[in-house]
Each structure stands twice: as structure tokens, then as C-alpha cells.
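Only one chain comes next, encoded as C-alpha cells, the form predicted alone.
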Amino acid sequence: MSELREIAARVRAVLESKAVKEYSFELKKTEKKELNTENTTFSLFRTVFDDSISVHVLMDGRVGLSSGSDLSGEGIEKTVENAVSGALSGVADAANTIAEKQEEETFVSGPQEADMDRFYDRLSELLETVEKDFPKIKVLQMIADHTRTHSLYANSNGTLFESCDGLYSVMMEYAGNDGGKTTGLSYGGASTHDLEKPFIELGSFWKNLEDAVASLSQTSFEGKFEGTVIFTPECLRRFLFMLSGNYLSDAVIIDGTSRWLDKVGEKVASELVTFSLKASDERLVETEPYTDDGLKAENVMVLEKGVLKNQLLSLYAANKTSRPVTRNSSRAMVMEPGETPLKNMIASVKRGLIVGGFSGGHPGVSGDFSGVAKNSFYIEDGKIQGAVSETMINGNLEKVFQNVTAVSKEVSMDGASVMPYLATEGIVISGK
């Protein structure tokens, strides 16, 4: 019996001693071996251990939730007591339930033991590549780690899932620097299960470093026009998160404010748009074996050729609205690539922007958004004219995905998502 299974037995005993009949809980033990640099010099190597417990109790339709980091007998007792206290003071709701019984299963993925020598070599190689090929880039910080996570989920209906996951990840903070010229801070990152490829080849590291160098020669323009925006993979993922929150999530479905409330099975976006949430995919390492509700995770198609296939509902929201539950609560998004090379996408733009980031508030119920376009490049007559600053974009979230003109063949795979470039029309672009 594993250590977590022994702890799980103690948690069950405490719950039963409190006369709790319906419950679920999750235990986690994490070991992180971390390497950090200041500028390009390795400055820190440490191993960090982290424990966590979260308990969910259900008493006559009332929910109590509690979490902590102490897996001792005293810590378990306190966490359970807090959850029970929360349930006793809660409001009964028939939509509150515990996930059904599922077959016991153990999930194993990634390297359980770190090859720190090889990891160090790959990180050093990344720094050397940046220094050699991007002399106008100043690396300010790099944080890299191998994380091994052992987790266990169990509930009163008899479900027990155990997961053992290991992965390598790296995040680099950098800026363009050329004498007296500097750019704003940029970030690049990726995760992987193995160390077969140089980190510079993962995600969008290379392209983003090129863009940071190009941003040293920023210009600005005056006026306002309606044009085409090409979202980079990183920015596209941000807009897909906003789309999911605005039209498909628990809150907007329960309160009935979603513009896609009753659109499942209908075409709501361009036929060029197909994206899904993944429980398993050989291109991804940051997936989930089971959902936040304790359901075995599945691949979930969200939009298929523009047709809405599923809303993204928790078990509570599904019960509340009598709609299907989504057996995936991850952020592991895959948007299928198109057939257009990025260079052709750019060549087809009469006037517009490549947008690498977006800084703005979350859209309201209407889907209207407005904010600053970050890491952006101005396009005119099919040619990139250069990096621009002080540029605003505004439009409508729904129309962004309805007015798609092209999706790139190229994709960025950073271990957490698979994203292409996406071109869309009808965005208002404003200079200073």
C-alpha cells in the first residue's frame, strides 16, 4: 500500500467518525527539483517538497470545502472539521452531488526520476543558443524544474484514482537590449516529458525571441481603422479562454446570459475553427487524468468546424441546468491547424496587425472587448512594416471566431497546448 493510500485510509476514518456519509477528497505529494539563473548564471538549485489535502463533504445537500498542507493525523482532523463546519452552515441545494462510482485506476505519465545532469545540459544549451543567435536579447531570469506529483482522489461512492506524473518545465524572462534601447519584458516557456529536443525548439521560443529583437525598432501610428488581426498562438489561447468563460462556463449557463446558451449542435463560428480539451494527447504533457469533480477525464470536442459540440460544465452546473457534464476541467487546449502557411496569411492582409499579447479586462455579456495590443507588428499591403507601440484593439469576441479568414499550418506546441496562428477581420485598430 502506498503512503497516500495509508493516509487516505486515515482520512476516511476521520470522515466516518464525524458521521459524514457523502464526501470526496484529494491528497497530493509533490517533489520539485528547481534550477534558477540570474541573468545567465546558475544561482540556485534546490529541492522543494509540498503536501496538500482538500476535502469536500456533502450533508443533506449542503457543501463544505476545506484544504490544507498538513497530512499528519492532527492536520487531517482539522481539515475535516473545517469542511464539516462549512457544510453545517451552508445552504442546501439538490444540485450538489458526489461523482458516481467508477473503476479504480492508476495513471502514470512522464519521468518519475529526474535526469538532472541532462536537464542542466539542455538549460545551458538554451542559454548558449540565445547568446550566440540573439546577441540583442538580455536574459534576466530562467526558472526550470522537474516536478513529480503523486496524487490520490477518492469518494464515498467507491471511486479511487491514483496518479503519478513527472515533467520538466522551463520559463525564461527576457528583453530586447541594444545599447540604450530596450523592450518590455517578454516570457517564454515550455514543458516536456523528455529531454530529446533542445528547449529552443519547443513552443514558440525561437519566434518570440526574433520578435523581441524586432521590437527594438518600434514605431507608432496615428488614427483608427478597421482591419485584420493575426493572433499568435499565445494570444489565441488567451482569446479561447475568454471565449470559453464568456459563452460556455458554469456561471453564464446557470444564469442564462450566454449568447450560446442553446446553441449546441449549431454553427456558431467559422468552419475553420476546431478546438478541443484533451485528457491525453502525445503532443501535450500538462493534461489531467481526472476532473476537479472526480470524473475520469475524456477528450472533449468544443467546436468542430465552427459547430458547437459541448458546453464546459462542472457536475454542479450540469445538475443545476439538466445539461451534460463535461468530463474535462483542464486547460489543455488543442486548436487544429489550417492549410495556410503563415507567410501567406501575412501576404493576404491589406492592413492590420500581428498581435502577440492582449492586455485588457474580460469581455462583458455582449462579448465586446477593448485593450492594448502587446508585442505587435503592423502589416500593410501584405508586408510587415515593423513593430508598433501604443496600439489598441477592440472588437467582439464572438465575431473574432466568426470572421476568421485563415488558420496557419504552423503550430506552437509548448506541452500545455497546441495552437496555430489565426487571422480574423473586423477588428478596430487604434494608434495614439
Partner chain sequence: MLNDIITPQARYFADGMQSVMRGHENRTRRVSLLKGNLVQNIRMESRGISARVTKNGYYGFSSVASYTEEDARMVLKAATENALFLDRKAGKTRKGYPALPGGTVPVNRLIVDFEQKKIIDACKEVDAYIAKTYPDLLSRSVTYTEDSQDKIILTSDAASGHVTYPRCYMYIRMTALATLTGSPVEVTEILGGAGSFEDNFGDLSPVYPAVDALYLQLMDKKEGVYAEAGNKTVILGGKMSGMLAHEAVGHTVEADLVMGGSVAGPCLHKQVASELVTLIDYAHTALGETVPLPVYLDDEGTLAKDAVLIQDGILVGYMNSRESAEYFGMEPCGNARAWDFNDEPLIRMRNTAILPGKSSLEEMIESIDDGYYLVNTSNGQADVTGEFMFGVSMGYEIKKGKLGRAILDTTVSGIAFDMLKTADMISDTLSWESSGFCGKKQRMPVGLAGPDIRCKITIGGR
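The shown structure was predicted, so the numbers you read here are calculated from the model rather than taken from an experiment. Numbering follows the first chain given and starts at 1.
Another form, the form predicted in complex with the partner chain, is not on view; read the next lines as being about it.
*Asks:* Is there any non-hydrogen atom of T291 lying within 4.5 Å of the partner chain in the predicted complex?
*Replies:* Outside the cut-off, so no.
*Asks:* Do D178 and the partner chain share at least one heavy atom pair within 4.5 Å in the predicted complex?
*Replies:* Contact with the partner chain, no.
*Asks:* Just to confirm, M345 within 4.5 Å of the partner chain in the predicted complex by heavy atoms?
*Replies:* No, M345 stays farther than 4.5 Å from the partner chain in the predicted complex.
*Asks:* Is the gap between D117 and the partner chain in the predicted complex 4.5 Å or less for some heavy atom pair?
*Replies:* Residue-level check for D117: yes, a contact with the partner chain.
*Asks:* With the distance limit set at 4.5 angstroms and only heavy atoms considered, check whether D121, I143 and K320 all reach the partner chain in the predicted complex.
*Replies:* Yes, each of D121, I143 and K320 comes within 4.5 Å of the partner chain in the predicted complex.
*Asks:* Only one of K101, K350, R283, K224 gets a heavy atom within 4.5 Å of the partner chain in the predicted complex. Which one?
*Replies:* None of the others qualify; the residue that does is K224.
*Asks:* Let me know the one among S276, N82, T287, T97 whose heavy atoms come within 4.5 Å of the partner chain in the predicted complex, would you?
*Replies:* In short, N82.
*Asks:* Go through 305-313, 190-198, 89-97, 267-275 and give me the stretch that gets within 4.5 Å of the partner chain in the predicted complex, heavy atoms only.
*Replies:* Flagged stretch: 89-97.
*Asks:* Just give me the residues of 45-64, first to last, that have a heavy atom within 4.5 Å of the partner chain in the predicted complex.
*Replies:* Counting only heavy atoms within 4.5 Å of the partner chain in the predicted complex, the contacting residues of 45-64 are F45, R46, T47, V48, F49, D50, D51, V63, G64.
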